[in-house]
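Let's start with one chain on its own, the form predicted alone, as structure tokens.
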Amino acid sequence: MARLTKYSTDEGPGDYPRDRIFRPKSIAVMGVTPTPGTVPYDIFHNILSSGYTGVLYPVAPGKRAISSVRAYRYLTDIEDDVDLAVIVFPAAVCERALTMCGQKGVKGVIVISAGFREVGPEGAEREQRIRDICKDYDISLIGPNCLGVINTDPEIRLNASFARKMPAEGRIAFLSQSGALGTAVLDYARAKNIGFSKFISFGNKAGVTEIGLLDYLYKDDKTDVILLYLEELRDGRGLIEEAKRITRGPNAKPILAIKAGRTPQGADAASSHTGSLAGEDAICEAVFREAGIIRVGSIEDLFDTALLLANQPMPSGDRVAIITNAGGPGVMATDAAVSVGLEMARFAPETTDRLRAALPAAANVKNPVDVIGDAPCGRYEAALEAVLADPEVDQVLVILTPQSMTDIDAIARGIVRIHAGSDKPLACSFMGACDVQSGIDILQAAHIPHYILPEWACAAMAGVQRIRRWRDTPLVPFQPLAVDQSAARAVIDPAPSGYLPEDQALAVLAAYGLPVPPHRLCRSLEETVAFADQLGYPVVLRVVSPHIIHKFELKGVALDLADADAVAAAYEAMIANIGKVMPAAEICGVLVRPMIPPGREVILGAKRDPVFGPTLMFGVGGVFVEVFRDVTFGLAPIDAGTASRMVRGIRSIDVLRGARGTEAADLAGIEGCLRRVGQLVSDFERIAELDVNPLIAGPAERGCAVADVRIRLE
């Protein structure tokens, strides 16, 4: 129960500003009403009844007391310092309440109230005003339109939310933009015996955002795993940079996230391939992976993996051993493990000998180990002890099916006892519901993760492997490449908005070291033929016009021209056809370049995303890029490691490696080009979209060549 005596906070709640919110020594709830079942009353009652260790003040104009606690008319009537104010007044009153907090010197505020940006323009203006007040008074704000915050630390015991019950103490922190989802998560977690270190609903994030909260939880010694639910991203790049810092290094903490809204943001007039393919969700999926964030699709997936991370050691590898008392589930679990990328461990001979000595002759002593349906506790213990001791095993999954002779509780206690002496992760699947529940309770009390189905356990183990591999991936510091930025700037800065003419776009790429073939913009038939003769045959003609984006459709490209007569005929046919089809099109000339030898067609793309900033795309190129949609994404600029992962991450990478006896493409050359495009789009904010499509990738000894480029400026 909260202490309701006079209390001084002269020593302050800590040096870190967020401590005013999560570790306050005194709290004022502003706008309390005496009516149970209302948000204002329930917030106050939850703090009071959760065992909060500080001082609690109800601010309730016109009320003498709330729940037998003396009430104050105004915040400024409170004699002592207040660390945290929880505002539950109607939205229209919140500005006055926040101003009073500033005058009182309150540095932490949670605005529970709704009626802000989520209701329309008027609410958005109101939200901006409270943001300005917080800035003026240096107030850390959570909300508005949120559920509140919970800190289960026994030293604090804070439930400043309208969740129904205080969750159990644990090592998992949960951040949620949705308050309603938060209440469902708390109820789900209670049913699964899942504890939390912190629970934070941040609503409209008018003040403290998920980035600041991630930073706080990274430094929080009560938190081992961070779960995140997001509906919108405003500073995607800031989130990714913060996540990279958190998920790697000596104090690394895993981040698992649900990002709602998987439908793309419409390619608002995006006419490039990159613009049409690079919706927010596609980019989000890729950059989360590059930041070490494990993105999942459901609350169940979120907690399935979090339970392993919070309660079990990190495995040293991906080799799994399965112990079961039923062959069918063992086979299903094996299929599930292999399908999610786990490796079935091959036992050392000593392990096989131990299993053979301890198990009946009918038992299977290979992986998966089948201890037979009538297995007593001792048989499970012997198998588990042998498997955990095997150096070829990184993690173990134990499956139990309830049969008439199965002593479920004894087996559960045996599993707990044997695993207590091991440093390898263990998961269990006691299949069923009613009959196995008491055994499940024993496992969960010992912090051994339990899954209803073995397939779910395998999926969780695969999620942990993604985190392990991410941590094991060497950090490669970004090294800028040698480029001629001034030459590119001389083209870009004076250019109007819209697409650069192709010759200028090629000049920009050449300045950044991309393999641009020799070329010239020719303005007459005679100049075209003369330059083709100078280059040597075969050559390519490409019409250059600010009004023609898709040249092939208008027969504005002529390929593989073998001599001067072919060049002259192609030139005249091209100009005549465009004059007929698009008589108003301004033709700047015809670009002449050598015919590039055959190779693999890939696309290098860039887009300035409103959430993530400059982003990169790589994939299978050519005219069918949007049909195959075999692309990967990253945030520009990229290092060599990211370039390699992007190139090797497409589904058809084997084609580039040289499938069916064909020559391998110049992968190193492709990666270098991708890095240069990333540096280009990062250096020039005016570049809205860029497509190099196709980049022709030949064998390593022949290298790559730019066949076509589009650069759109804003």
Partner chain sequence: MDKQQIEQGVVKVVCQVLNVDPGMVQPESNFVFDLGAESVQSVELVAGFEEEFGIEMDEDAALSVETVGMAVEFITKVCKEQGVEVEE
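Residue numbers count along the first chain shown, from 1. What you see is a predicted model, and the numbers here were worked out from it, not measured in a lab.
We do not show the form predicted in complex with the partner chain, though everything after this point is about it.
In summary, the region of this chain contacting the partner chain in the model of the complex, judged by heavy atoms within 4.5 Å and restricted to 414-422, 632-640, 528-536, 86-94, corresponds to 86-94.
Here is the short version: of S49, T38, S67, T662, the single residue with a heavy atom within 4.5 Å of the partner chain in the model of the complex is T38. Checking R73, H447, R346, R523 for any heavy atom within 4.5 Å of the partner chain in the model of the complex turns up a single hit: R73. Although the partner is absent here, G658 is not a contact residue: none of its heavy atoms lies within 4.5 angstroms of the partner chain in the model of the complex. Proximity of M100 to the partner chain in the model of the complex falls within the 4.5 Å heavy atom cutoff. A residue is said to contact a partner when one of its heavy atoms sits within 4.5 Å of a partner heavy atom; T53 fails this definition for the partner chain in the model of the complex, lying far away.
Although the partner is absent from this view, T33 contacts the partner chain in the model of the complex, with a non-hydrogen atom inside 4.5 angstroms.
Contact annotation for 525-550: no residue has a non-hydrogen atom within 4.5 angstroms of the partner chain in the model of the complex.
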